[in-house]
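Coming up, as structure tokens: structure 1 and structure 2, two forms of one and the same protein chain.
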Structure 1
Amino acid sequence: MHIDRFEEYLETILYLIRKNQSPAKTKQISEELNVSPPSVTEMIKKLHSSGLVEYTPYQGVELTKKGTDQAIKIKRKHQVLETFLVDVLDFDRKEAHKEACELEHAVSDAVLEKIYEFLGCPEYCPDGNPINIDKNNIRQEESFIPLDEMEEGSSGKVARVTLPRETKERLTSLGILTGEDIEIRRKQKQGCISVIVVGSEIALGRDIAKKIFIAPKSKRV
């Protein structure tokens, strides 16, 4: 019955992370996909060794940039198909959502883009969410990048911090909190990263940097 499970897991993980604004937990994923928690743990390990998710046992999963990109690409397929099913074939939204979630894994990039054009390059899915304009433009509103994956010299806005409250508060007092501008100054071999916030330079360990998500300053519109 099934297809590329990576896709389904990535899609679900993206969904949960955005919904809860925190790492996706094993149990949540298992409930979304109707599989057992051990199956999820197993798959998470595979996703991790493919560089698609960041994973520390018992801590939940985050998506890497690569993982986010793939997840968003599938999400876009889902949205375009859902739009087609609702607007052209006259399905109701709920049905359309379910059908789209099956089809999205079988539709090639080429077919998807033709459908997208046929629909007149719609900006919104009937579910209300915006559709990425271009399949390569995967840096939309909510595509955040973990700080440790940002390049030296790049900058953006702190979008989310998924750390224990105390750590978060400590960072807040340093000026690292949601909405704040941040610039990546230097990345050292050990994984330490120095950043500039509110004018002052701060060094962060990799483990902390991994949990700080940045909305990168878009290089061009």
Structure 2
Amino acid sequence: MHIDRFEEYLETILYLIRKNQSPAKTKQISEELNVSPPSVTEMIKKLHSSGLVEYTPYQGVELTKKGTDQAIKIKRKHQVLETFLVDVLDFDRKEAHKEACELEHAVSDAVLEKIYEFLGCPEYCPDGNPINIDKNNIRQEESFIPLDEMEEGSSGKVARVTLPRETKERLTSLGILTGEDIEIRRKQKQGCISVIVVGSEIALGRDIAKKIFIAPKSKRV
């Protein structure tokens, strides 16, 4: 559908601007959406005529204020649905992403807000990215790795913990808090992950580990 396609492009352009810290290139849009460059050019013209984007040759595509508002709205919808699918229906993150892409165009704003409230108004989605993006600073994009996806022997700093307050307090008492160094000692088959933090080895379940986001450092040799 026409509106669905507009939304898909706007969300992709927003993602690329945040990733690049600069305008989205038409070649990147083509690769992300798996469409031909001429199709991208045609859609950019339509978005421009609707007042949603500005295009500068050899530089790329920027969102207008109107385009930014719409892109953030659809991005937020995607993130809330993804959070619901992961946290409530126990989808894995990749499947949740695919399903949210389908659902985001069909769910009304009223239903979305009810889901958001049901989830307890979370700050972050399963990827560790903020659900409520600052419209005045859309290029602020941070890249963290969930603890459960890090390799044995790798290390980094705890960047974000997206768990309920009681669980966060328990982890803080163990030394797992923002800014603290952490090393992945062992990943066991049953899903338990052993980490070293403030000199102690701690075992964490996968459900906890996937909600702890790490700014990675070098892998141990």
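Everything numeric in this text was worked out from a predicted model, so none of it was measured. For numbering, take structure 1's sequence and count from 1. In this text, the rigid core denotes the largest set of C-alpha atoms whose superposition between the two forms falls within 1.5 Å.
Shown first, as structure 1, is the form predicted together with the DNA. Once both forms are fitted on their core, a CA shift of 2 Å or more is seen for Lys187 between the two structures.
The two forms, fitted on the rigid core, differ between the two structures by less than 2 Å at the CA of Asp92. With the core held fixed, the Cα of Ser39 is displaced between the two structures by less than 2 Å. Comparison between the two structures places the CA of Gln59 3.1 angstrom away from its other position, after core fitting.
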